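Listed next as structure tokens: two forms of one protein chain, kept apart as structure 1 and structure 2.
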Structure 1
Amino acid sequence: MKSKRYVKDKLTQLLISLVSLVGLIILVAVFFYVFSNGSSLLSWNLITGDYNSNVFNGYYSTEITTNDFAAPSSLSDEEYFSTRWGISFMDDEDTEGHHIIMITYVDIDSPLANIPDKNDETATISISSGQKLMTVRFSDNTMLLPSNGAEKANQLFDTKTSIADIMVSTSGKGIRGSLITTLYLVIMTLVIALPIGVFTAIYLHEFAPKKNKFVNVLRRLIEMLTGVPSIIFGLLGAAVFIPIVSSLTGADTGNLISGSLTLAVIILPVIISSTEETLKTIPDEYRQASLALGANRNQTTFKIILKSAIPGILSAVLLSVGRIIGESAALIYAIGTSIKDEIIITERSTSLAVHIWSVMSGEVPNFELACAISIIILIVVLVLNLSVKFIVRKIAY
């Protein structure tokens, strides 16, 4: 004898439960997409590797006629080992889908481990595993190209006696530079923003005269920062910080310092409000007790209050780190989008997030690499956010 209303009620409940699955589905979809596309690329080589590939050009004119080298036991079926030169090859494809020949192993005693540089008489280069074979011209002018494949390469290497010209390149597309840039940005930004933010919070909460017009204006101006979109902060970086840093250091483009300054402004409101929130939770008795002992306000603040505010500051720091790592729009303006391997703080380079932007906004977006970097960003952001939750809970109880 339940009424029609009861049924309608249950149906509505079901509908709402289904709608609230949308958030979960999106989250799972984002993680699934990013992991399934990026995890195959995510490797130690990617993290530590250079972005730009280097080309080495050498030769070896001494004749070799013996086939003395033994194949390493770890050799797989797909690798071809030249017993004459002590080097093994494998067929592969690069991220753009072109056929390449990878060098997978070079014996330490192989003559190729140390050959004269064609471009510099006094230097030597070393062929090593992980490099791509680009072209080889043997002394009898036989040419070897990537399109010939690993098997043919092996065949030629096993029969030819000397090499007139060999060109190899390192694989490139690594993210070490962007990773280091990101770390630099995190540290420099926090070093700039933390003192300003924490001192501002202390001033506003502990020292500022109450109901003072000027203080209220300051407060409003700081609150307004929260509503400013990050691309506008980017404009601030381009219009103000880049010129300032340029005139001080002689940098002539966007650079890590101008980027850090811009990021510092972005995270400032978070640090101020989070610090002030914890200051609010510290009971007045603390302050009075300390004052009653004859300490001045100065000592009170810095000894008692600051210490108690540490959890709040810490969670602000964690949130800020997440924000810095994820920021892209502002940095595109405040630093630029050129990916670098050599990181100099007065020059350009990209954070991980802007690295993604760079590889995605080219003619051919590189989804694999973008997803691989996204995995790193997502994991860091995830860990940071869960830690903040943990800290907040710690404070609450």
Structure 2
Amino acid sequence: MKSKRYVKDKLTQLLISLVSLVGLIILVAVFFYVFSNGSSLLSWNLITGDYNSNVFNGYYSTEITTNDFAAPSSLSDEEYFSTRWGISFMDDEDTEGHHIIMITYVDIDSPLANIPDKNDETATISISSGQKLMTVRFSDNTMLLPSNGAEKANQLFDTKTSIADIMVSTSGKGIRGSLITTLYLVIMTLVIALPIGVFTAIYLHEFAPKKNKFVNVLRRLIEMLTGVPSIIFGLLGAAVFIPIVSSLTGADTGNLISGSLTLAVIILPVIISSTEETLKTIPDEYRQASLALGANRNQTTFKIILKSAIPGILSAVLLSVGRIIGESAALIYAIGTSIKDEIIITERSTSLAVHIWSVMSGEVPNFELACAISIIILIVVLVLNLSVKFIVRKIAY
């Protein structure tokens, strides 16, 4: 009998271990896929760069016959320098993984440092490092395309004496605007939802009658809201919050304010439930001791109980921030999918999660860029997690 029970216990433990191992393998596989596909695109330019690129179109008709420029010593072996035009090129990839020719250096005396603007004869454009070389048509109609590569570009520039048409652009496809939008959403949503959620939890646990039917119904409704699909909250944002915000601010579309209000409704149940559970863990002796020393109920609640509940409230904030950063379905309706570089709270914009949806919703999904943005989201959540744990530990000890 004992041997059968022993075998049964061992088989149960083995089954639990195998199921746990499968879950761990799946989790590791997902992380491996994200990091292996997105790490190559991670760069400071991706994080700080604009999504929209600016295109400049110019020309240089005066013939150059001398090769007077010397390559600076700072150039690497991967950079090709034209001694005739005083400009260097390097093969690179943009944030979407496409091959480009990057301009890495332009001499201050280079004729390309200040050339006529082909679209406005009264203006000039400046070609500088960090720009992409799009197309060049020399005066003899020889064409240079990004697919030719940096070495071919250098050879052509060294042999050609004038340029009929040159197009360059800033890098573009950066996520700075989406990152700023996400930070705005986090701050604005917490400003709206955190006080409401905490005070609601305080009322439910500290002030509301313990066996009141209305209070019980309210708790059930809050629990129900945690299971409502976020797409329904997005419809709420589109049908309710956008018209309200439009009537108050004059905005004619979804915007950061309507998005923040929608997210506030989404995270309210999380904050209320987490805060109330934290309040339940605080011993009643704290309340009784405070009241015995002469403090009234309000003083006891806000100076003793609430202070003791700060670690739990911070945990609720962490869960809420993770939900805000990762939310996409609701924001598609409540704020829009326009990727912008200039962020205005009364206009459309895009969070990092919606940015991922945007790059994956086209005819050719961009898995690499989506994975790169996912890595950034994971890093942000990890930093927030460690920060909250550090603050909780400091408060606790």
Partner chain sequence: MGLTVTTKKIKQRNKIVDKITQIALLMPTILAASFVLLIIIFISERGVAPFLESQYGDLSVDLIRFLLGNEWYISPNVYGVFFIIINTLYVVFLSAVIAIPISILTALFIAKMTSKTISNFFQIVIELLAAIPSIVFGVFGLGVITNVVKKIAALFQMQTAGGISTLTTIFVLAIMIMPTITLLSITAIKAVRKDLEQNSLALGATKMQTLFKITLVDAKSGIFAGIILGVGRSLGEATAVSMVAGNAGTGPNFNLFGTTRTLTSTMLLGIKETTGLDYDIRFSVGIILVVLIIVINLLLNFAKKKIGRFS
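Basically, rigid core = biggest C-alpha set you can superpose within 1.5 Å across the two forms. FYI, numbering is relative to structure 1, first residue = 1. All values derive from a computational prediction rather than experimental measurement.
- Structure 1, rather than structure 2, originates from the form predicted in complex with the partner chain.
- Core-superposed comparison between the two structures: the CA of residue 157 exceeds or equals a 2 Å shift.
- Once the cores line up, the CA of residue 240 ends up less than 2 angstroms apart between the two structures.
- Core-superposed comparison between the two structures: CA of residue 337 displaced by less than 2 Å.
- Per-residue C-alpha deviation between the two structures, core superposed: residue 8, 8.7 Å.
- Its Cα shifted by 4.2 Å between the two structures, residue 58 is reported here after superposition on the rigid core.
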